[in-house]
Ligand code: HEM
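Take a look at this single chain in C-alpha coordinates; it is the form predicted on its own.
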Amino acid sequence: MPTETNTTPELNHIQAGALRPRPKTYRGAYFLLRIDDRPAGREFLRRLIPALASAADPDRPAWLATSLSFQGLKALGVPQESLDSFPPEFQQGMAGRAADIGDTGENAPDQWEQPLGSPDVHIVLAAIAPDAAQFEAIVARAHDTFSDLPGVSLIWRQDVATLPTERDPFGFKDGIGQPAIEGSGLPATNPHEAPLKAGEFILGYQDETGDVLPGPQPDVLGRNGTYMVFRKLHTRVAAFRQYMRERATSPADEERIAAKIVGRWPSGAPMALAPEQDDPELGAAPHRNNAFLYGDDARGLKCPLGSHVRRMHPRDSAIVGEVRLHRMLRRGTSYGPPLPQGVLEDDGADRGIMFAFLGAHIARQFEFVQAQWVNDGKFFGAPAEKDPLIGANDGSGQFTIPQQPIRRRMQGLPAFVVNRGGEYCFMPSLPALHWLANLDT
(Lines give C-alpha, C1' and ligand atoms only; values in the text may rest on other atoms or scores of the structure.)
Protein backbone atom coordinates (compact mmCIF):
# COMPACT_ATOMS: atom_id res chain seq x y z
CA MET A 1 0.00 0.00 0.00
CA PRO A 2 1.31 3.49 -0.77
CA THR A 3 2.47 5.50 2.21
CA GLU A 4 1.55 9.11 2.81
CA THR A 5 4.99 10.19 1.57
CA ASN A 6 4.23 8.37 -1.68
CA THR A 7 1.15 10.46 -2.31
CA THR A 8 1.83 13.92 -0.88
CA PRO A 9 4.71 15.84 -2.50
CA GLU A 10 7.42 17.08 -0.16
CA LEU A 11 7.30 20.62 -1.49
CA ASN A 12 10.11 21.83 0.77
CA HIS A 13 12.49 19.44 -1.02
CA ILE A 14 11.40 20.20 -4.61
CA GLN A 15 12.98 23.07 -6.54
CA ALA A 16 10.54 25.92 -7.09
CA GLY A 17 11.34 25.84 -10.81
CA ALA A 18 9.85 22.35 -11.06
CA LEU A 19 6.33 23.44 -10.13
CA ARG A 20 6.10 27.21 -10.06
CA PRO A 21 4.68 28.86 -13.22
CA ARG A 22 6.48 31.86 -14.66
CA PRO A 23 5.08 35.32 -13.81
CA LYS A 24 2.57 36.88 -16.17
CA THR A 25 5.21 39.39 -17.19
CA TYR A 26 8.81 38.32 -16.83
CA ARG A 27 12.48 38.78 -17.60
CA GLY A 28 14.61 35.67 -17.65
CA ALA A 29 17.63 33.88 -19.02
CA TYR A 30 19.01 30.40 -19.60
CA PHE A 31 22.70 29.87 -18.84
CA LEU A 32 24.63 26.79 -19.95
CA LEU A 33 27.74 25.88 -17.98
CA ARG A 34 30.54 23.40 -18.60
CA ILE A 35 32.39 21.65 -15.75
CA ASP A 36 36.10 21.24 -16.47
CA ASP A 37 37.12 20.50 -12.89
CA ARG A 38 35.19 18.12 -10.66
CA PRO A 39 35.87 19.87 -7.32
CA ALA A 40 34.96 23.23 -8.89
CA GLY A 41 31.66 21.79 -10.13
CA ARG A 42 30.80 20.59 -6.63
CA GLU A 43 31.81 23.94 -5.15
CA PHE A 44 29.50 25.64 -7.65
CA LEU A 45 26.58 23.57 -6.37
CA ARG A 46 27.44 24.36 -2.74
CA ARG A 47 27.35 28.07 -3.54
CA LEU A 48 24.18 27.79 -5.60
CA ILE A 49 22.00 25.84 -3.16
CA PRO A 50 21.28 28.81 -0.82
CA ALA A 51 20.02 30.79 -3.82
CA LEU A 52 17.44 28.16 -4.79
CA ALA A 53 13.86 28.41 -3.56
CA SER A 54 11.72 25.39 -2.78
CA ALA A 55 8.24 24.75 -4.11
CA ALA A 56 6.97 25.40 -0.58
CA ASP A 57 8.27 28.97 -0.64
CA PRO A 58 5.63 31.24 -2.24
CA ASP A 59 7.38 34.48 -1.31
CA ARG A 60 10.18 34.60 -3.86
CA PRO A 61 8.83 36.26 -7.01
CA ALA A 62 12.26 35.85 -8.65
CA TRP A 63 13.98 32.47 -8.62
CA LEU A 64 16.77 30.31 -9.97
CA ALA A 65 16.47 26.67 -10.98
CA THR A 66 19.23 24.27 -11.95
CA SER A 67 19.34 21.05 -13.93
CA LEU A 68 22.12 18.75 -15.11
CA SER A 69 22.60 16.79 -18.30
CA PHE A 70 23.83 13.21 -18.21
CA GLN A 71 27.25 14.49 -19.23
CA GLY A 72 27.07 16.99 -16.38
CA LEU A 73 26.39 14.25 -13.84
CA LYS A 74 29.40 12.37 -15.19
CA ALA A 75 31.54 15.50 -14.95
CA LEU A 76 30.56 15.85 -11.26
CA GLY A 77 31.76 12.32 -10.60
CA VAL A 78 28.43 10.61 -9.94
CA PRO A 79 29.19 6.90 -9.38
CA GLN A 80 28.66 4.60 -12.37
CA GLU A 81 25.96 2.56 -10.64
CA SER A 82 23.96 5.76 -10.15
CA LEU A 83 24.50 6.85 -13.76
CA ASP A 84 23.29 3.45 -14.94
CA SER A 85 20.04 3.89 -12.98
CA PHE A 86 18.88 6.78 -15.19
CA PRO A 87 16.54 5.94 -18.11
CA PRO A 88 18.24 5.28 -21.48
CA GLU A 89 16.63 8.25 -23.23
CA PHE A 90 18.15 10.60 -20.65
CA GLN A 91 21.54 8.93 -20.97
CA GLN A 92 21.45 9.32 -24.77
CA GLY A 93 20.40 12.99 -24.65
CA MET A 94 18.30 14.95 -27.10
CA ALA A 95 20.82 14.81 -29.95
CA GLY A 96 21.09 11.06 -29.56
CA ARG A 97 17.30 10.72 -29.73
CA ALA A 98 16.83 13.12 -32.65
CA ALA A 99 15.65 10.54 -35.18
CA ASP A 100 13.14 9.11 -32.69
CA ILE A 101 11.42 12.45 -32.08
CA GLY A 102 11.52 13.82 -35.63
CA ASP A 103 14.51 16.15 -35.35
CA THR A 104 15.71 15.53 -38.90
CA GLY A 105 16.48 17.74 -41.89
CA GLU A 106 16.81 21.35 -40.82
CA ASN A 107 15.91 20.29 -37.25
CA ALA A 108 18.79 17.78 -37.09
CA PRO A 109 21.57 18.16 -34.51
CA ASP A 110 24.16 19.01 -37.19
CA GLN A 111 22.13 22.17 -37.85
CA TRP A 112 21.82 23.19 -34.19
CA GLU A 113 23.22 26.34 -32.65
CA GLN A 114 26.45 25.61 -30.84
CA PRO A 115 27.03 24.37 -28.17
CA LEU A 116 23.49 22.93 -28.02
CA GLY A 117 23.52 19.16 -28.39
CA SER A 118 27.23 18.90 -27.63
CA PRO A 119 28.87 17.02 -24.71
CA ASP A 120 29.90 20.42 -23.31
CA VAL A 121 26.40 21.18 -21.99
CA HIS A 122 26.61 20.13 -18.34
CA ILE A 123 24.51 22.51 -16.26
CA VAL A 124 21.41 24.52 -17.16
CA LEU A 125 20.75 27.47 -14.89
CA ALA A 126 17.42 29.23 -15.41
CA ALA A 127 16.60 32.64 -13.93
CA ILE A 128 13.16 34.26 -13.96
CA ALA A 129 11.86 37.47 -12.40
CA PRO A 130 8.78 39.70 -12.74
CA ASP A 131 10.75 42.87 -13.57
CA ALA A 132 14.14 44.13 -14.75
CA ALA A 133 15.46 45.14 -11.31
CA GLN A 134 14.78 41.78 -9.70
CA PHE A 135 16.12 40.01 -12.77
CA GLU A 136 19.44 41.85 -12.65
CA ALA A 137 19.74 41.09 -8.95
CA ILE A 138 19.15 37.37 -9.37
CA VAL A 139 21.47 37.16 -12.39
CA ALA A 140 24.19 38.85 -10.34
CA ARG A 141 23.67 36.26 -7.63
CA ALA A 142 23.93 33.48 -10.21
CA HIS A 143 27.17 34.92 -11.60
CA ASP A 144 28.62 35.05 -8.10
CA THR A 145 28.37 31.26 -7.88
CA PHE A 146 30.77 30.58 -10.76
CA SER A 147 32.53 33.78 -11.88
CA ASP A 148 35.69 33.04 -9.86
CA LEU A 149 35.69 29.27 -10.40
CA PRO A 150 38.12 28.54 -13.25
CA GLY A 151 36.81 25.00 -13.54
CA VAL A 152 33.24 26.10 -14.36
CA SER A 153 32.68 28.01 -17.61
CA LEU A 154 29.69 29.89 -18.97
CA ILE A 155 29.35 28.66 -22.58
CA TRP A 156 25.93 30.00 -23.69
CA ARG A 157 23.24 32.44 -22.63
CA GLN A 158 19.76 33.06 -23.98
CA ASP A 159 17.71 35.94 -22.61
CA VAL A 160 13.92 35.70 -22.60
CA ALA A 161 11.21 38.22 -21.80
CA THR A 162 7.53 38.99 -22.14
CA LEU A 163 6.89 40.57 -25.52
CA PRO A 164 5.23 44.02 -25.48
CA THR A 165 2.03 42.36 -26.69
CA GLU A 166 2.20 39.78 -23.85
CA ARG A 167 1.70 37.13 -26.54
CA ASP A 168 3.95 34.61 -28.27
CA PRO A 169 5.94 35.54 -31.41
CA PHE A 170 3.02 34.49 -33.64
CA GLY A 171 0.71 36.88 -31.81
CA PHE A 172 -1.25 34.41 -29.66
CA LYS A 173 -1.73 34.38 -25.90
CA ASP A 174 0.35 31.55 -24.46
CA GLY A 175 0.80 29.63 -21.23
CA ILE A 176 -2.80 28.45 -20.99
CA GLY A 177 -3.93 25.00 -19.96
CA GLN A 178 -1.44 23.66 -17.42
CA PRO A 179 -2.44 20.48 -15.55
CA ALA A 180 -3.27 20.48 -11.85
CA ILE A 181 -1.09 18.23 -9.68
CA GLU A 182 -2.30 16.51 -6.53
CA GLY A 183 -0.79 18.05 -3.42
CA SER A 184 1.05 20.82 -5.26
CA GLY A 185 -1.20 23.67 -4.15
CA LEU A 186 -1.44 24.90 -7.75
CA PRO A 187 -5.05 25.58 -8.72
CA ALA A 188 -6.66 23.80 -11.64
CA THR A 189 -7.57 25.95 -14.64
CA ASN A 190 -9.93 23.36 -16.14
CA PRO A 191 -12.75 22.24 -13.80
CA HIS A 192 -13.40 19.32 -16.19
CA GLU A 193 -9.95 17.78 -15.59
CA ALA A 194 -9.19 16.02 -12.31
CA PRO A 195 -5.75 16.76 -10.83
CA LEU A 196 -3.06 14.36 -11.97
CA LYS A 197 -1.04 12.16 -9.64
CA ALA A 198 2.15 13.79 -8.42
CA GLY A 199 4.22 10.91 -9.82
CA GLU A 200 3.49 12.08 -13.35
CA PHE A 201 5.74 15.05 -12.69
CA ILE A 202 7.85 14.37 -9.58
CA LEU A 203 9.84 11.19 -8.95
CA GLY A 204 9.06 9.11 -5.88
CA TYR A 205 5.26 9.28 -5.98
CA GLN A 206 2.40 7.32 -7.50
CA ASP A 207 1.65 8.14 -11.12
CA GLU A 208 -1.55 7.68 -13.12
CA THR A 209 -0.86 3.95 -13.55
CA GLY A 210 -0.86 3.47 -9.76
CA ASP A 211 2.84 2.68 -9.71
CA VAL A 212 5.88 4.54 -8.40
CA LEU A 213 8.35 4.91 -11.25
CA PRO A 214 11.82 3.57 -10.36
CA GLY A 215 14.03 6.62 -10.01
CA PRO A 216 17.76 7.25 -10.10
CA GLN A 217 19.66 5.66 -7.24
CA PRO A 218 20.38 6.16 -4.42
CA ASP A 219 16.95 7.30 -3.33
CA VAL A 220 18.26 10.68 -2.14
CA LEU A 221 19.37 11.41 -5.71
CA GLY A 222 16.12 10.52 -7.45
CA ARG A 223 13.34 11.32 -5.01
CA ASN A 224 11.63 14.70 -5.52
CA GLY A 225 13.52 15.28 -8.74
CA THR A 226 12.10 15.67 -12.22
CA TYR A 227 13.29 15.81 -15.80
CA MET A 228 13.57 19.05 -17.71
CA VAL A 229 13.71 19.18 -21.51
CA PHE A 230 14.54 22.49 -23.14
CA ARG A 231 14.43 23.41 -26.82
CA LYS A 232 15.26 26.66 -28.57
CA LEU A 233 12.45 26.96 -31.14
CA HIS A 234 13.05 29.57 -33.83
CA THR A 235 9.77 30.94 -35.21
CA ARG A 236 9.25 32.01 -38.82
CA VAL A 237 6.63 34.61 -38.15
CA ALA A 238 6.81 36.29 -41.57
CA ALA A 239 6.32 32.93 -43.32
CA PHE A 240 3.33 32.23 -41.06
CA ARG A 241 1.72 35.56 -42.00
CA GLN A 242 2.50 35.10 -45.68
CA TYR A 243 0.87 31.68 -45.69
CA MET A 244 -2.39 33.08 -44.27
CA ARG A 245 -2.36 36.10 -46.59
CA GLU A 246 -1.87 33.98 -49.73
CA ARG A 247 -4.73 31.62 -48.91
CA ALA A 248 -7.27 33.89 -47.25
CA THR A 249 -10.16 35.64 -48.93
CA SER A 250 -10.15 38.61 -46.51
CA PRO A 251 -8.36 39.93 -43.40
CA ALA A 252 -11.02 38.24 -41.27
CA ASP A 253 -10.35 34.96 -43.08
CA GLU A 254 -6.62 35.36 -42.40
CA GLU A 255 -7.30 35.58 -38.68
CA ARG A 256 -9.70 32.65 -38.86
CA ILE A 257 -7.23 30.35 -40.66
CA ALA A 258 -4.49 31.21 -38.18
CA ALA A 259 -6.85 30.55 -35.26
CA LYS A 260 -7.88 27.20 -36.73
CA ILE A 261 -4.21 26.21 -37.04
CA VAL A 262 -3.50 27.20 -33.44
CA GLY A 263 -6.84 26.14 -31.94
CA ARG A 264 -7.27 29.46 -30.16
CA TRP A 265 -7.84 33.06 -31.14
CA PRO A 266 -5.07 35.61 -30.57
CA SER A 267 -6.69 36.74 -27.30
CA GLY A 268 -6.48 33.22 -25.89
CA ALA A 269 -10.17 32.46 -26.39
CA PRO A 270 -10.45 28.76 -27.35
CA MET A 271 -12.19 27.85 -30.58
CA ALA A 272 -14.06 25.19 -28.61
CA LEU A 273 -15.96 28.01 -26.85
CA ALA A 274 -15.72 30.76 -29.49
CA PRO A 275 -15.76 28.98 -32.85
CA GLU A 276 -16.84 31.90 -35.05
CA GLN A 277 -14.91 34.95 -33.84
CA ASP A 278 -12.43 36.09 -31.21
CA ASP A 279 -13.75 36.89 -27.74
CA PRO A 280 -11.12 38.98 -25.90
CA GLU A 281 -13.14 39.00 -22.68
CA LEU A 282 -13.19 35.19 -22.66
CA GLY A 283 -9.50 35.05 -23.58
CA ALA A 284 -8.59 37.28 -20.62
CA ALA A 285 -10.57 35.21 -18.08
CA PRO A 286 -8.20 32.59 -16.57
CA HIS A 287 -11.03 30.57 -15.05
CA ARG A 288 -12.96 30.41 -18.32
CA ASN A 289 -10.46 30.28 -21.17
CA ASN A 290 -9.40 26.73 -20.32
CA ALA A 291 -12.73 25.38 -19.01
CA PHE A 292 -13.79 23.16 -21.88
CA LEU A 293 -13.68 19.69 -23.40
CA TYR A 294 -13.90 18.46 -26.98
CA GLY A 295 -16.54 15.76 -26.51
CA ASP A 296 -19.25 17.87 -28.17
CA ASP A 297 -16.99 18.56 -31.17
CA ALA A 298 -16.10 15.06 -32.36
CA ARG A 299 -15.75 16.16 -36.00
CA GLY A 300 -13.70 19.23 -35.22
CA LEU A 301 -16.20 21.71 -36.67
CA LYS A 302 -15.38 24.14 -33.86
CA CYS A 303 -11.74 23.29 -33.17
CA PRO A 304 -10.02 21.18 -35.86
CA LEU A 305 -8.84 17.77 -34.73
CA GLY A 306 -5.34 18.52 -36.00
CA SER A 307 -4.95 22.02 -34.57
CA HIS A 308 -1.91 22.70 -32.43
CA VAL A 309 -3.57 22.99 -29.01
CA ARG A 310 -5.87 20.01 -29.60
CA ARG A 311 -2.87 17.86 -30.55
CA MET A 312 -0.89 18.96 -27.51
CA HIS A 313 -3.80 18.18 -25.18
CA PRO A 314 -6.66 16.20 -26.80
CA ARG A 315 -8.66 16.28 -23.53
CA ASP A 316 -11.65 13.96 -23.96
CA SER A 317 -11.29 13.54 -27.73
CA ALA A 318 -11.75 10.02 -29.09
CA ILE A 319 -8.12 9.21 -29.95
CA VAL A 320 -5.65 6.35 -29.86
CA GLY A 321 -3.93 6.51 -26.48
CA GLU A 322 -4.63 7.61 -22.91
CA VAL A 323 -4.43 11.39 -22.63
CA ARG A 324 -3.63 11.50 -18.90
CA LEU A 325 -0.47 9.43 -19.42
CA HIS A 326 1.00 12.06 -21.73
CA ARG A 327 0.32 15.33 -19.93
CA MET A 328 3.21 17.77 -19.57
CA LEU A 329 4.13 20.83 -17.59
CA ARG A 330 5.16 23.40 -20.22
CA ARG A 331 7.18 26.51 -19.40
CA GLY A 332 7.51 28.41 -22.67
CA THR A 333 9.20 31.83 -22.73
CA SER A 334 9.72 34.18 -25.68
CA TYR A 335 13.06 35.42 -26.95
CA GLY A 336 14.04 37.99 -29.55
CA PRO A 337 12.21 41.10 -30.78
CA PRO A 338 8.64 40.85 -32.08
CA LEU A 339 8.09 41.23 -35.81
CA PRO A 340 6.04 44.43 -36.18
CA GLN A 341 2.36 43.92 -36.84
CA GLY A 342 1.54 43.64 -40.53
CA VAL A 343 5.11 42.99 -41.71
CA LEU A 344 5.23 40.08 -44.16
CA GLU A 345 8.96 40.00 -44.92
CA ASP A 346 11.48 38.38 -42.60
CA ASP A 347 13.86 40.90 -41.04
CA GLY A 348 16.57 38.36 -40.20
CA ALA A 349 16.15 38.63 -36.43
CA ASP A 350 16.31 35.51 -34.29
CA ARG A 351 13.00 35.23 -32.46
CA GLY A 352 11.13 32.34 -30.97
CA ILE A 353 10.28 30.36 -27.88
CA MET A 354 12.46 28.71 -25.30
CA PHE A 355 10.33 25.64 -24.67
CA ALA A 356 10.75 23.74 -21.41
CA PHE A 357 9.05 20.47 -20.46
CA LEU A 358 8.94 19.19 -16.90
CA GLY A 359 7.86 15.69 -16.05
CA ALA A 360 8.83 12.30 -14.65
CA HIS A 361 8.71 10.38 -17.95
CA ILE A 362 10.75 11.81 -20.83
CA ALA A 363 9.78 8.91 -23.12
CA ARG A 364 6.10 8.63 -22.20
CA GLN A 365 5.48 12.36 -22.01
CA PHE A 366 7.75 14.59 -24.09
CA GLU A 367 8.99 12.03 -26.64
CA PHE A 368 5.57 10.47 -27.16
CA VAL A 369 3.88 13.81 -27.72
CA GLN A 370 6.67 15.05 -30.00
CA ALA A 371 6.83 11.91 -32.13
CA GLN A 372 3.18 10.81 -32.15
CA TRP A 373 1.00 13.86 -31.59
CA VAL A 374 3.19 16.57 -33.15
CA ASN A 375 4.81 14.75 -36.07
CA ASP A 376 2.20 12.10 -36.84
CA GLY A 377 -1.56 12.16 -37.24
CA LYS A 378 -2.45 8.49 -36.83
CA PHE A 379 -3.78 9.03 -33.33
CA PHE A 380 -6.76 11.02 -34.65
CA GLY A 381 -7.09 9.41 -38.08
CA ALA A 382 -5.01 11.73 -40.30
CA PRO A 383 -1.60 10.00 -40.71
CA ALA A 384 -0.50 12.39 -43.48
CA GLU A 385 -0.81 15.48 -41.27
CA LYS A 386 1.67 16.92 -38.76
CA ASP A 387 1.07 19.69 -36.25
CA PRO A 388 0.44 22.67 -38.55
CA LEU A 389 2.23 25.13 -36.23
CA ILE A 390 5.23 23.32 -34.73
CA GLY A 391 5.39 20.09 -36.77
CA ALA A 392 8.34 19.20 -39.00
CA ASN A 393 6.57 20.26 -42.19
CA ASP A 394 8.65 20.67 -45.34
CA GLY A 395 6.44 22.57 -47.78
CA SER A 396 4.34 19.55 -48.69
CA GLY A 397 2.33 19.37 -45.47
CA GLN A 398 -1.42 19.75 -45.21
CA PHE A 399 -3.99 20.71 -42.62
CA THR A 400 -7.71 19.97 -42.67
CA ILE A 401 -10.31 22.44 -41.43
CA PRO A 402 -13.62 20.58 -41.01
CA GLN A 403 -16.58 22.70 -42.06
CA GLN A 404 -19.95 22.30 -43.71
CA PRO A 405 -20.84 21.55 -46.42
CA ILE A 406 -17.24 20.92 -47.62
CA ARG A 407 -14.08 20.69 -45.56
CA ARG A 408 -11.25 23.08 -46.29
CA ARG A 409 -7.78 21.64 -46.81
CA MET A 410 -4.72 23.82 -46.49
CA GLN A 411 -1.91 22.55 -48.71
CA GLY A 412 1.81 23.22 -48.94
CA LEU A 413 2.49 23.82 -45.25
CA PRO A 414 6.08 24.92 -44.64
CA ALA A 415 7.93 24.75 -41.34
CA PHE A 416 6.89 27.68 -39.16
CA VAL A 417 9.06 26.49 -36.24
CA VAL A 418 12.60 25.10 -36.40
CA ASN A 419 14.44 23.50 -33.49
CA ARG A 420 17.81 25.18 -32.98
CA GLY A 421 18.82 22.67 -30.32
CA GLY A 422 18.24 21.56 -26.77
CA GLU A 423 18.96 18.90 -24.18
CA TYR A 424 17.49 16.41 -21.74
CA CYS A 425 18.28 17.38 -18.15
CA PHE A 426 17.60 16.17 -14.64
CA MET A 427 16.38 18.71 -12.07
CA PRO A 428 17.46 17.29 -8.70
CA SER A 429 15.72 17.93 -5.41
CA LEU A 430 17.39 20.22 -2.89
CA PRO A 431 18.62 17.23 -0.79
CA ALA A 432 19.94 15.64 -4.00
CA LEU A 433 21.91 18.79 -4.79
CA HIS A 434 23.51 18.56 -1.33
CA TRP A 435 24.37 14.92 -2.05
CA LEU A 436 25.92 15.86 -5.41
CA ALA A 437 27.85 18.77 -3.91
CA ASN A 438 29.39 16.52 -1.26
CA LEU A 439 30.41 13.56 -3.43
CA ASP A 440 33.91 12.32 -2.68
CA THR A 441 34.57 10.23 -5.76
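From a predicted model like this one, the values you see are computed outputs, not experimental measurements. Position 1 is the first residue in the sequence shown; the rest follow in order.
Although not depicted, the form predicted in complex with the ligand is the subject of the following passage.
Residue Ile353 is the only one of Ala272, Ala127, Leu339, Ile353 with a heavy atom lying within 4.5 Å of the ligand in the predicted complex. Just one of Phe146, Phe366, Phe201, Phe230 comes within 4.5 Å of the ligand in the predicted complex, counting any heavy atom, and that one is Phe366. Put simply, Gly175 is close to the ligand in the predicted complex: some heavy atom of it is within 4.5 Å. Taking the partner from the other structure, the ligand in the predicted complex has no heavy atom within 4.5 Å of any heavy atom of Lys302.
With a 4.5 Å cutoff on heavy atoms, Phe170 counts as touching the ligand in the predicted complex. Using a 4.5 angstroms threshold between heavy atoms, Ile181 stays clear of the ligand in the predicted complex.
Note on the interface: of 232-240, 153-161, 113-121, 276-284, the segment with non-hydrogen atoms within 4.5 angstroms of the ligand in the predicted complex is 232-240. Residues of 382-416 placing a heavy atom within 4.5 Å of the ligand in the predicted complex, in sequence order: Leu389, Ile390.
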